[in-house]
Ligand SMILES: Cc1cc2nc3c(=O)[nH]c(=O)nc-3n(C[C@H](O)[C@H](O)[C@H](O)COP(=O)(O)OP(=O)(O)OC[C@H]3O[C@@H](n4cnc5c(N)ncnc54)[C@H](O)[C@@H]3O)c2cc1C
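Shown here is one chain on its own, the form predicted alone, set out as structure tokens.
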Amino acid sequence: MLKTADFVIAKNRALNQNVYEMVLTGAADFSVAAGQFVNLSLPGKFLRRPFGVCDYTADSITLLYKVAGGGTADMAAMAAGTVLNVMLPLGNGFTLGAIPAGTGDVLLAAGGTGAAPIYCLTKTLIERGFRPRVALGFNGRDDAFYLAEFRALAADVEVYSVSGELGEKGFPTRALEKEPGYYFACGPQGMLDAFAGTGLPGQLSYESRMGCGFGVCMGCTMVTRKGARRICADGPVFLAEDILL
């Protein structure tokens, strides 16, 4: 059920020169599924900012964000104890029931801050008895983050970098060389297009600028094989078979 509530920043730390982790604590009467997101109200900003949920407990939410503008720059400077109003949960999340029975190789691929919902999904799948392969993509060594956190989940982690200075040279799409039985992916548009273009069964989580975040303004609409769909309300997760390239 959609709600708004005040949360308190418990931790806000830099993971590299541009990416931060923020932990918010608050009311325990909420439920979030892997792939869903929240909207933060920031002081002095008219529109809320959407962020995929990286992790959550009964009374906390962990977000990963990249400083890319005034709003996220303000967030990076916020100290522990700052109160932020949060709208949650938003979006549809990943559909785990779509994984065919008996699928042995499930691939989870993340580019950049697409690692946030993929981390949450990794935890969920491992709790359900899967041992997924995780492919993480970065530009270079200095851009990497959350490697230790993913490895601590006991997932099989593959790392790719554009520069080749970390892990294997290339993009997370290289993980498709060992064709998975099913996949989940979140990252830049080009990466998602590459996954959708394989024709393999899977789900894609899209990142987009949003006005309202809950389907009223239509500002994040994309065209799919099933017609126009709102990334915030009908997504952000879509079946790969529905994507138009």
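Residue indices: 1-based, along the sequence shown. Here the structure is a predicted model, which means the values were calculated and not measured.
The following text describes the form predicted in complex with the ligand, which does not appear among the structures shown.
Is there a heavy atom of Leu192 no more than 4.5 Å from a heavy atom of the ligand in the model of the complex?
Close contact is absent here: in the model of the complex, Leu192 is far from the ligand, nothing within 4.5 Å, heavy atoms only.
So, in the model of the complex, is Pro50 in contact with the ligand at a 4.5 angstroms heavy atom limit?
Output for Pro50 is yes: heavy atoms within 4.5 Å of the ligand.
Flag Gly44 as yes or no: does it have a non-hydrogen atom within 4.5 angstroms of any non-hydrogen atom of the ligand in the model of the complex?
Output for Gly44 is no: heavy atoms all beyond 4.5 Å of the ligand.
In the model of the complex, does Gly70 come within 4.5 Å of the ligand, counting heavy atoms only?
Close contact exists here: in the model of the complex, Gly70 approaches the ligand to within 4.5 Å, heavy atoms only.
Mind checking whether each of Tyr65, Ala116 and Tyr206 has a heavy atom within 4.5 Å of the ligand in the model of the complex?
Spot residues vs the ligand: full contact, yes.
Residue stretch of 108-116, 76-84, 153-161, 94-102 approaching the ligand in the model of the complex, non-hydrogen atom distance within 4.5 Å
Contact criterion met by 108-116 only.
Just to confirm, with a 4.5 Å cut-off on non-hydrogen atoms, which of Ala33, Leu176, Ile61, Met210 contacts the ligand in the model of the complex?
Checking each option against the ligand in the model of the complex, the one that comes within 4.5 Å is Met210.
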